[in-house]
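There is one chain below, alone, in C-alpha cells, taken in the form predicted on its own.
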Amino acid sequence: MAGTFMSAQVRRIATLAAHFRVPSVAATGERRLQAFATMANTSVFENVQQAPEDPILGVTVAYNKDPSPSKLNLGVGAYRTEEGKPLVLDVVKRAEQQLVAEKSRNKEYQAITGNQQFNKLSARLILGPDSPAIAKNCVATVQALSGTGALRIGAEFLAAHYAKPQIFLPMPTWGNHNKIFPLGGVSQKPYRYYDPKTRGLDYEGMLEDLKAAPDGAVILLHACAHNPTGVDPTEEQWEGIRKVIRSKNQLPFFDCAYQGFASGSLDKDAYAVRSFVADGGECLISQSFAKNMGLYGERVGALNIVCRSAPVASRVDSQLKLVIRPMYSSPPVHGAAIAAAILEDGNLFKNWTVELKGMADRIISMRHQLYDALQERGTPGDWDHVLKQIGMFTFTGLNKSQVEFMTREYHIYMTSDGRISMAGLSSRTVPHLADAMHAAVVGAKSKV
C-alpha cells in the first residue's frame, strides 16, 4: 500500500514538473524529486513583508484581543449608543422597508456615475436648495464609495486634468489623506493648522502657509468637525481663509464627512463649503453619509466638482466616468437608494434631522461630562479644549507615553496621538476615562 501511495505521489510530482517544464524530473532520482517538491511548496510571495496595522483600525484589533471586562475602545470613528452599541437610525429602517416593498426594484448595474437622484439630492444637501451653481448646472456629481472613494476619484481626476496637481494638507489631518493622494497621483505638502500649545487653531500660521503655497495649488479643507483635532475655524476665520485661497487662484478640495453630525445643523455645518461656492469660484467636495446616516458599511458618498459653467461641468462629468470605469466600474445600489429615499421624502428627511441632532447632542453631552469629571478630580492642566472642540473627536493633548499607560493600566484604547472618539463614550464609561486621564497626567507631572 505504501509503495502504491509513493508511486502515485511520484507520478503527481512528475506531472507537475512536466507542466512547469522541469527537465527529466522522473529520471533524476529521489533528490531532484524532493527539490521539486520543495519548490512546488514555496510561495511566489515568500518575500512579501508583514505590513504594520493601520494606526486607527489597528486600535480595534488590539481592543478585540483584550479580555478585560473594563476595556474601552475610543479609537474607532463610529457612533455608539449610551449602551455602547452600534446604532441603526429608525429613519434608515423605514427607508429600507419602503425599498423592499417596491416590487419593481432589481439588482442590475447602476450607471457609472451611480444613482442620479441620489447625486442630485446629495449636491443640494451640501450646496443648499437655492445654490446658483446647481441652478446653472455647474456641478458634476458622481456617487462614490463613501468619502474615501470620493477623495480617490478626485485625486485621480486632478492628476490627469489639473495643471498643478499638488495638494496641501493640514497638520495634522485624517491619516488616510496621506495615502490617498500620493497613490492617486497627487503630491502633497503640509500647512500649519493645529496649535498644540493652545489646543486650538493656528490661524495665523495657516494663513502664512497658504500665502506661501504656489498659486493654483490644491488646498484640502475639512468642511466641519476637523479630524482628528475637532478644531474648526470660526465663520470670520473661514472668510479670511477663503480670501487668501481665492487671491492665489488656489483650488479648495473640501472633505465633508460630518455634515449635521458636528453641530446638529445641516446648514451650519455646510457654511464653509457654501461660502466658497457663493463667490463663483470652483472647488471639489467629497461627501460621506457614513456618520450622519449611520451607513458605515453601505459605503455611501459622493464627489461634487463645482465648475465655472455648465459646458465645463459636462466635460468634467465625462472624464470622471473614465476614472471610475476601470476602478470599480459601477457603485453599489442599496446604500445610495436608502440615502436618496431619506433626502427625497419630506417626512423621512424631517425625522432624520431629529435623529441627527440627537446624536450630535449626545456627543456634546459627553464633552461636558468628561470636562466636569476632570474638574472634579482636579486633573492638572486646562481642559477647556474638550468643550471648545467639535464633532466626533477630541484631541486630548495626551502624549504617546500617556496613551500607552492608559491602555496598559486602564485598558483604554485610542490612537497614539491622544485622539479619542467622543461617540464611543457613555455616562457609564466617562468616570473610567477620567480616572485614567487623571492618573496619566499626574504620573507624568510627578516624573518632572
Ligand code: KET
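Keep in mind the model is a prediction, meaning the values are calculated, not measured. All residue numbers are counted from 1 along the displayed sequence.
The same protein also has a form predicted together with this ligand, omitted here; what follows describes it.
Under a 4.5 angstroms non-hydrogen atom cutoff, this ligand in the predicted complex has L57 among its neighbouring residues. Taking the partner from elsewhere, G77 is found to have a heavy atom lying within 4.5 Å of this ligand in the predicted complex. Using a 4.5 angstroms threshold between heavy atoms, W174 counts as touching this ligand in the predicted complex. Remark: A290 counts among the residues lining this ligand in the predicted complex, judged by a heavy atom distance of 4.5 Å or less. Proximity to this ligand in the predicted complex, defined as a heavy atom within 4.5 Å, holds among V277, I338, A257, L303 only for A257. Proximity to this ligand in the predicted complex, taken as a non-hydrogen atom within 4.5 angstroms, holds for one residue of N115, N73, S146, S263, which is S146.
Contact with this ligand in the predicted complex, judged as any non-hydrogen atom within 4.5 angstroms, is confined among 209-217, 233-241, 154-162, 290-298 to 290-298. The putative spot formed by H222, F393 and R419 is fully lined by this ligand in the predicted complex; each residue has a non-hydrogen atom within 4.5 angstroms of it.
Looking at 226-246, the one residue that comes within 4.5 Å of this ligand in the predicted complex, counting any heavy atom, is N227.
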